[in-house]
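Considered here are two forms of the same protein chain, supplied as structure tokens in two stand-alone entries, structure 1 and structure 2.
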Structure 1
Amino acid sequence: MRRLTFDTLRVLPVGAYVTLCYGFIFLPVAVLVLFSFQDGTLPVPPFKGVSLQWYERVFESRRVMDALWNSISVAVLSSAVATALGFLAAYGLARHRLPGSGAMQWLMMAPISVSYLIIGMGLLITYNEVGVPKSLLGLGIGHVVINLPITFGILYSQMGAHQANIERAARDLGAAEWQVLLLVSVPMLWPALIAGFCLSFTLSWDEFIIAFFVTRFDVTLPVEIWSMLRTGLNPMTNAAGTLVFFISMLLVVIVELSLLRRRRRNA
């Protein structure tokens, strides 16, 4: 009996704390999703009933749909480039003894410590100086810059000695360098490649300030949502936000599953 009271005393505050934290963490998202179904014009209480009208409005909006498509294109392409460049650089550094490799590693990781605001401003000024107009291409270039440290960091940390041995074996069996890379290294590092790609995708997908700086007529979804915010609280913004939330969730699930599979294989 004493044991029981002691446990309750210990568990109760812990449980209460966890509940409070989860409540705090999920409160805004829950409100966002709930009021995206609001049957009325204000996304605040009272909740007047379930309606899909705001989702209809989102899907009917040409601007939102264009922005959605732009966001996906920029995210897919920039993440693919960032993953490829990050992979090659990690391979070069992990598998070859290079003079100045410490400095190169530092250089590759450097953009991670600088605010997107500053990176965006720098790109805008540079494009102005060189005479490149504001465009999605310019934005994609910027997203590769911010994602390269991440893909590089993930892949570099995953390139261990056991993979180097397998690569050496392939080389001894007569594989050319490109064959080693594509047929041996890539399949071995597949989970890390997927994780790097998906993480890049979510960061590009969500990135606002660089997009705000370097795009003008064709914009991405965060910039479009930003201009929707100017109209004040609006259930349509909730609906668009909820859609963005679920697309991001989908990616998180993919990353989780691919990492899970790797852990199982390693175990």
Structure 2
Amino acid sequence: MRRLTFDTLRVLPVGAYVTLCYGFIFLPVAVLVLFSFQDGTLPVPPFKGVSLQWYERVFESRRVMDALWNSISVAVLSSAVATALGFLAAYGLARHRLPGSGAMQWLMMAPISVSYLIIGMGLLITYNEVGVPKSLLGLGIGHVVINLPITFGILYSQMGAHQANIERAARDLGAAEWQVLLLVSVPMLWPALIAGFCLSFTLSWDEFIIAFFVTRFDVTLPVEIWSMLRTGLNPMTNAAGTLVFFISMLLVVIVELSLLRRRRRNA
């Protein structure tokens, strides 16, 4: 009994600390979601009741819907390109001994340590110098820059020796290099490819700083939400923000399930 009491008292501070940390992280999100259902004109206490009118306004707003589709288009295309390039880079560095491969890996991961603000400013200056207008294309290139290291890191970490042995066996059986790549390597790395794509999509989907620098008329949803905030607080902004949050969380769940499946297969 004393042992049980001692263990309980020892765990309580840890539990309280963890609860406070999660509360600090998720309380603002909970407030955002709660007041997106506000049956009133201001997203502030007191809560006046549940209403879906602000979500209806979000889906009826052409500007918000255009920004939504712009975000989806940029996120899907840039994530697909970043995943494909990350896979090829990881495959080349993991399966071949290249001079300076360590430096190449470092250069591939270097953009992770650079602030989005610096990347956005650098892209803006570069685009101005070469005559590239502010556009969703320029934004897509920027998102490939920030997401390529992430996809590379995920895929490179999953290319183990057992996969190399299977690829070697496929070559011994007469498979061409492209067949090994597409019919052996890709299926074995499918969970990691999905995880890299979904994580890239999540980061591109709610990225604001680079989008703010390199877009003008065709903006993404985070930039449109920022524009809405300039006119003051209203529950419609909360509804748009909640939409961004839930889509991001859905993709994070997909990533976690893909990695869990991968771990179980390797166990």
Partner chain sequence: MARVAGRRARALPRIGAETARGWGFLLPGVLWTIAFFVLPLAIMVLYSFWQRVGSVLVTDFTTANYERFFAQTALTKALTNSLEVTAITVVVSVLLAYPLAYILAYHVPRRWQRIALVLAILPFWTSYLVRSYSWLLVLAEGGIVNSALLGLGLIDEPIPMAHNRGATILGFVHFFTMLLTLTIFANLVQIPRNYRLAAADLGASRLKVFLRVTLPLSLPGVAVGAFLTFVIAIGDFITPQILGGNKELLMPQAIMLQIGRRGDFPMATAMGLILMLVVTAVFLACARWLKMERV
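When a residue number appears, read it as a position in the sequence of structure 1, where counting begins at 1. By rigid core we mean the largest C-alpha set that fits within 1.5 Å across both forms. Computed from a predicted model, the values in this text were never measured in an experiment.
The form predicted alone appears here as structure 2. Shown in the overlay between the two structures, fitted on the rigid core, is a CA shift at residue 217 smaller than 2 Å. Superposition of the core reveals a Cα shift of 2 Å or more for residue 26 between the two structures. Lined up on the core, residue 17 has its CA atom moved by 3.3 Å between the two structures.
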